[in-house]
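In structure tokens, one chain follows: the form predicted alone.
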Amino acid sequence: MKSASNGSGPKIGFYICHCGTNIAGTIDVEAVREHAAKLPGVAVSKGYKYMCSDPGQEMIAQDIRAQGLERLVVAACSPNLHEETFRKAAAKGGLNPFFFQMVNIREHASWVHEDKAAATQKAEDQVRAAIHRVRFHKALEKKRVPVHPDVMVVGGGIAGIHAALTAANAGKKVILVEREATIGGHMALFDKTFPTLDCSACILTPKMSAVKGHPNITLWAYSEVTKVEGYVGNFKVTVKRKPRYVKEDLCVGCDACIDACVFKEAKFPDEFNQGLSKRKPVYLSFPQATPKVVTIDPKTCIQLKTGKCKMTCAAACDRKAIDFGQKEESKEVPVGAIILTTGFDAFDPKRHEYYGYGRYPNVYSALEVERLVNASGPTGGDVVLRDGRRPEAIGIIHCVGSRDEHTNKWCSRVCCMYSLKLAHLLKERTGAQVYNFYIDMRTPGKTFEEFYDRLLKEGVQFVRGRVAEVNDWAMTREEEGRLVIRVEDTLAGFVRRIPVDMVVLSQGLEARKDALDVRRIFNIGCGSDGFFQERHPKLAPVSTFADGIFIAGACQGPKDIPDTVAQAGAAAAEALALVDAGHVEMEPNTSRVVEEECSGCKSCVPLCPYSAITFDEAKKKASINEILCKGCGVCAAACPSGSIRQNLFEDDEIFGEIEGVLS
């Protein structure tokens, strides 16, 4: 690789990209090129319509070889997109890739200005700064670090299940961690899936069983990740395993302990059935639960609360699986990549008081109705209201907690379609008149519009307008003893009062309540909506800014089951690409300590977000692990003695850039 010359200065090649009209439409690129050509040290100054294209890159590589260029500056778009592209072009020409500086004149000048002269002037200032700076760049090399071959998947819904199976089928050892007592997630609650009305359990249960029986998958249900240390390819993850008070390797889910429990009747709300039924302190979430191991609830079990129970459940277990002495355990496991599939929370409709949820017994959430129509649900699929009646008229209110300035502004993507599904199932089970109250009907998926047409033919009524309130104030004999939905029908142009027996609130999807806590554990970002932030919405939709940690499913944003499965497969593929490579290259923009200048004040140690800095008690000096360092620069900026240096951000480089701007 060519290095800097020792004469009057290195020979610099400058290249500016038109980016179609993205840059050239606002900036006079020819003027910028001519300005750069006159600057000291610039031996080549060229423009090209699409510099990132193969011809553009080849032109750069050829000029490096033919002209003996020793430094390279490219004015184009975001370094986040193409810095690596032009580094490779430099290396192809035989130049150290870090003798290169990229200038972002698209986002920083073209896209933020309307005045062409001002935008051009700003671009010239940026280019001049980069040319002054690049003279001081040093030759750097990337480091290679070995990668641990195992993969961890956090979250056992359909996304986690699919990601785990994909990685395991590729021959990788996978640890699947799920906080609930069983895997399955929200999909396990559903009776049918839109638009094909496939049995949800028929699709999901075989995959759950495949996870349990796969030789490459270790399933840790009823467990949570509490700590993540290390770096890409070499994470050390601490997992808290909560006690079930049942030995998983002995329990076969025979229900003998449930039948023998001193509570002869179920008394406690069944979380899986959304509180529509009761369970005992010892329970199995649902018949197809995986692992099929019962759980004892310490909040309701007499033995665990008082120690004064006859323990009939333990006596009934001929396998001696009940163990009231179990304690919480913490396990540390090394993995090379992590896939987060922690899912979503359904919007709590109590936050919209005007819909009467929690006040009127016959106002249901969509998830409650999913259990109500399910053959394995609390009523065996028979739709009977809380007051014992069968509904003759049902109102389904869309966008509860979505597209709302006061709660969540986003569209939750699935609500229209699952509302149509529930309308079909409720009409099928009850023969009732069903009304859908919607703002806009959104059916953009494959065969979604056909499903909507099917509902129209089935006689489901559609009323366009946001529902103002649900009440029980009867104004006519028809409304007596019923719920009244008041809505402005924006197509008919007047306010309607529609009496119904049952109201279904179609909840939107929102980020998990503990998403911020999870974000901190894994050191990834969250958007303003609370969902985990992808590295790039188009080019890296499953990667995060924490290398080696990927996201999939509704933890990244609202989506339906097919999109969730597709994204889970993509995340698994990214993780496989990482661990199969056997090593990972680390960027060299890391910090280092100049020991003779370090005062040993320890100011930098607690500031490092990656725990890359330790204090050598023998030397009384700080030390930086270059493998853990991500080059954020916090330590270099905070060091009171100036003893910390950061590659690519040395003082002479920064001062050179400032000099270029001001000259």
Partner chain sequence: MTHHDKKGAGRFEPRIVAFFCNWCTYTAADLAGVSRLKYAPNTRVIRVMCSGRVDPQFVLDAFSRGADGVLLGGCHPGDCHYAEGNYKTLRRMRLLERMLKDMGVSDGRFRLEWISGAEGEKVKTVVNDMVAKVRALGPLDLPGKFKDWDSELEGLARSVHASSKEAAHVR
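Residue numbers count along the first chain shown, from 1. The shown structure was predicted, so the numbers you read here are calculated from the model rather than taken from an experiment.
Missing here is the form predicted together with the partner chain; even so, the following discussion is about that form.
Proximity of Asn104 to the partner chain in the model of the complex falls within the 4.5 Å heavy atom cutoff. Val44 falls outside the set of residues with a heavy atom inside 4.5 Å of the partner chain in the model of the complex. The partner chain is not drawn, but in the model of the complex it has a heavy atom within 4.5 Å of Ala546. Heavy atoms of Ser223 never reach within 4.5 Å of the partner chain in the model of the complex, leaving it off the interface. Of the listed positions (Asp297, Glu574, Asp125, Asp563), a single one reaches within 4.5 angstroms of the partner chain by any non-hydrogen atom in the model of the complex, namely Asp125. The partner is absent here, but in the model of the complex a heavy atom of Trp111, alone among Phe462, Tyr360, Trp111, Phe324, sits within 4.5 Å of the partner chain. Residue heavy atoms within 4.5 Å of the partner chain in the model of the complex occur in exactly one stretch of 186-194, 327-335, 112-120, 365-373, and that stretch is 112-120. In sequence order, Val634, Ala636, Ala637, Ala638, Gln646, Phe649, Glu650, Asp651, Ile654, Phe655, Glu657, Ile658, Glu659, Val661, Leu662 are the residues of 634-663 having a heavy atom within 4.5 Å of the partner chain in the model of the complex; the partner itself is omitted from this view.
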